Every structure is written in C-alpha cells, then in structure tokens.
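The chain below stands alone and is given as structure tokens, in the form predicted on its own.
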C-alpha cells in the first residue's frame, strides 16, 4: 500500500565531493560523501546478501513491500503481520544477521559527525534494494529505543527522489534528488519527520546496473 508521490526534480550537480545542503531543521544531505567508498560498499553488500538474501517483507496490514530488504548489524528491522520490530535473528534463517562491515560503520560515523551528530554508533543497517517503479511510502522511523541518535541514509546506484516531510503525515514533503554517493542525515527536531522515496525511474548505473541500493543506519537498541 503506497502513496502517489510528486514530480519536478532539480538537476544534479556533477561536482560531487564534500558539499552539504540543509533540507530541514537538523537535517542535511552530504553530496558525494560516499563516492570514494562506493565500490567497497557494493562488495560488502554482496557478502551480506550471500548470508541474508534480500526479501520482500509484508506489512502488518498484509501488503507485500515492493522494495526488497536485508540487514546487517546486531539488530535487523523486520515486518510481518504481527508488526514492525527489530530482531537480533534473521527470521528466514534463524541465525544472527551478518556483522556490520567496518566500512559501513566508519562511513556512518563520519557522515553523522559531519552533519553535527558526533559519536554516532549504529547497531543496525537496513539495506533496501529498489528496482525501477518501486517506491517507499511516507513513514517515520520510530521503532528505535534511543531517538536522540540520528538516521544516516546512504544512496548508491540509480538516482532517486527523497521525499522529506514534516512531523505530520499531511505535511507536503520537499523533493530532494539523491544521487550515487549522496548521504542524508536527520535527527534532533527532524528525527521523527515523515519521509519516503518516489517511484524509481528507469536507468542503468555503471556500478549497480538497473538498481538503487540504500543503506539506512540506526541506533536501534
């Protein structure tokens, strides 16, 4: 079950690098921050999915999510008809989720510090795989125990439109173009803001082909 989501994107800036862009109170995008580690991140994702394959979760309402997901870290985010939650075990295998690679934890920590959130120590990373046409409806990240820690979201592969709203679902979201290597961070006054991803457009990325991968780091436990 999804929401229909909007149009009008700004053109990308090809410079990459260490530019930052405020998108809300306590929220920003670090343009190109992950570019130098993109290949290492891709290789780590391939190792994770070999242990914990991508799967399409079911919402509590019984709807199959169009985005495929897996996790790494001490805790993994899961959903089924009993609800949303974090679990130390992969429900498909009964084993612990793959350990969080060092390149993941280092990038998340450095990006959070650059956005004004020093000392970020994520224990969960949700990995989302988007194919053209898939989307993520507006939602809040609110299953974490410590809401003082920010959310760090890394974009890889095809560009996407990140919808960043407000404290109410009815607040009209800003449309933020996320390119390969960009990182969005939000916390503090925007920690519980609604956000999502508009339907992904067709494309072919040099590193990931017709896909977008997104790493969402959280302090869940």
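Computed from a prediction, not measured in an experiment: that's the story for all the values here. Positions refer to the first chain, counted from 1.
One more form of this protein should be noted, the form predicted in complex with a small molecule, which is absent from this view; the next part is about it.
Trainee: With heavy atoms only and a cut-off of 4.5 Å, decide whether residue 109 touches the small molecule in the model of the complex.
Mentor: So residue 109 does not count as contacting the small molecule.
Trainee: Might residue 211 be said to contact the small molecule in the model of the complex, defining contact as any heavy atom within 4.5 Å?
Mentor: Residue 211: no, not in contact with the small molecule in the model of the complex.
Trainee: Mark residue 33 yes when one of its heavy atoms lies within 4.5 Å of a heavy atom of the small molecule in the model of the complex, and no otherwise.
Mentor: Because no heavy atom of residue 33 falls inside 4.5 Å of the small molecule in the model of the complex, the answer is no.
Trainee: So, residue 151 and the small molecule: in the model of the complex, are they within 4.5 Å at any heavy atom pair?
Mentor: Contact with the small molecule, yes.
Trainee: Given a 4.5 Å cut-off on heavy atoms, tell me which of 88-96, 139-147, 70-78, 110-118 is the interface stretch with the small molecule in the model of the complex.
Mentor: Selected range: 139-147.
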